[in-house]
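The data below hold one chain only, encoded as structure tokens and taken in the form predicted alone.
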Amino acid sequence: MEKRLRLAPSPTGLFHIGTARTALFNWLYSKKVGGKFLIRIEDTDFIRSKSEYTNNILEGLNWLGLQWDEEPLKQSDRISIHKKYINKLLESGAAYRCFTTEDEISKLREEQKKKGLPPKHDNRHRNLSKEKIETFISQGKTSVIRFKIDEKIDIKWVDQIRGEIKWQGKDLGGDLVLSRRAMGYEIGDPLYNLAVVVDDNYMNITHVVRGEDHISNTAKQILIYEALDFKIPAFSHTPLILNSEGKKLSKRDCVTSIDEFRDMGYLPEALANYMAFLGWSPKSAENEILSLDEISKIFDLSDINKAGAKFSWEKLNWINSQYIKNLEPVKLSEIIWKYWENMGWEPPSQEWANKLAILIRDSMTLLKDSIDQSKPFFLIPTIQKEGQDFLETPESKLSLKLILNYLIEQNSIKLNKEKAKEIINEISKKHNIKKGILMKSLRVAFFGSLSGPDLIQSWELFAESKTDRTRIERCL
């Protein structure tokens, strides 16, 4: 039988790293077993759900390279179907109308709190007579639909990550609300646990992979599966992503949407690679830099850890830097060209841009680092104090004069790395000046300080942009 997995996000906020990792685990396992990865947008929270959040989720999945195999399903399109199944549960006696008011529920919870008891509905309307129901309706009372939960029942399943999990009916908070309040004999809008079961059955979902915060929902949903005579999928509950203090990762940790990771300068391949190892420990991987295709071949749900996974900026940054180092020059220059455009900088040619990309990529951790690393090649930097002090030495001034004179005399030369080295060697030998003095003098002229990227490669770029002489002249 074909394995079918799904991501079922609620479009009530931007695509978050926790949801993204859940999507990744589902995608990886579906590829490992030759199955399908599906999307269901759970948009039945009409107040908070927004189409822009749906678009953000789908765009984020695309950016990460997590393509889905069928047209995404919108839960809101299936509300009438959900209601039919609620009615079926009513007819079978597995569910009933509950007319308890919000005030009555609040009073019940206050009493339970005073007694030190957990909040739990007392199922007071489970066995109402038909006449009593008609009386309540005639009085204009609204009702929710509750699903009966036997407090003595044990709910068990074998989780593919955690092994056997067991819940008791008495710990599920009383009979489960399936729909919102409605007047008369109407059925209100279906709620999460009912809609999830109906839609997973409709989509033929065979494996449900989601966060450990859904474990109690799984116990409730299994009872609904059984009451509707649906086939129960295999469940896997992944660990939470934790901050450095071991608490659930939140906006307070400055980690929110996938958009922000993209804007900060992370490559999608690097972020996906990092997320895969965030709670997953493969048995057979010697290298941590792996493509999604490579990871999918060794991925298994049983290798996911039970304990929470701590988020590490240091590890993510290292992985991102490795991906940047391995990018082809043309690809890297294409990516960082937008950063240059945003700064108003225009490379003189594509070849020049490729050479600059090669020069700066090893010193980049984030893509946005290309701004600082590239800046001296587009704008002539101010000479710092250490550079100014060095220029005060007689040999430094002489070195720059000799280099400038050479460039003027050999006006037609095409200066490349080999020619730059030849100039340094020739002047050093002819005028008995140490190469170190010549190169430090040039470095100050080019970068305004005694530090910077490879001097010879940089000189080639300055020559191509026709700014090398200008930079030297300002120091004389």
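The model shown is predicted, which means the values in this text are computed figures rather than measured ones. Sequential numbering from 1, following the sequence displayed.
The next section is about a form of this same protein that is not shown, the form predicted in complex with a small molecule.
Mapping the unseen interface onto this chain, V196 counts among the residues with a heavy atom inside 4.5 Å of the small molecule in the model of the complex. Contact annotation: S465 falls outside 4.5 Å of the small molecule in the model of the complex, judged by heavy atom distances. Within this chain, H125 is remote from the site of the small molecule in the model of the complex, having no heavy atom within 4.5 Å. In the model of the complex, at least one heavy atom of A8 sits within 4.5 Å of the small molecule. For the options R262, H214, H121, R361, the residue carrying a heavy atom within 4.5 angstroms of the small molecule in the model of the complex is H214. Contact with the small molecule in the model of the complex, defined as a heavy atom within 4.5 Å, holds for exactly one of R181, H207, R210, K355, namely R210. With the small molecule left out of view, the stretch that reaches within 4.5 Å of it through heavy atoms in the model of the complex is, among 341-349, 368-376, 298-306, 188-196, 188-196.
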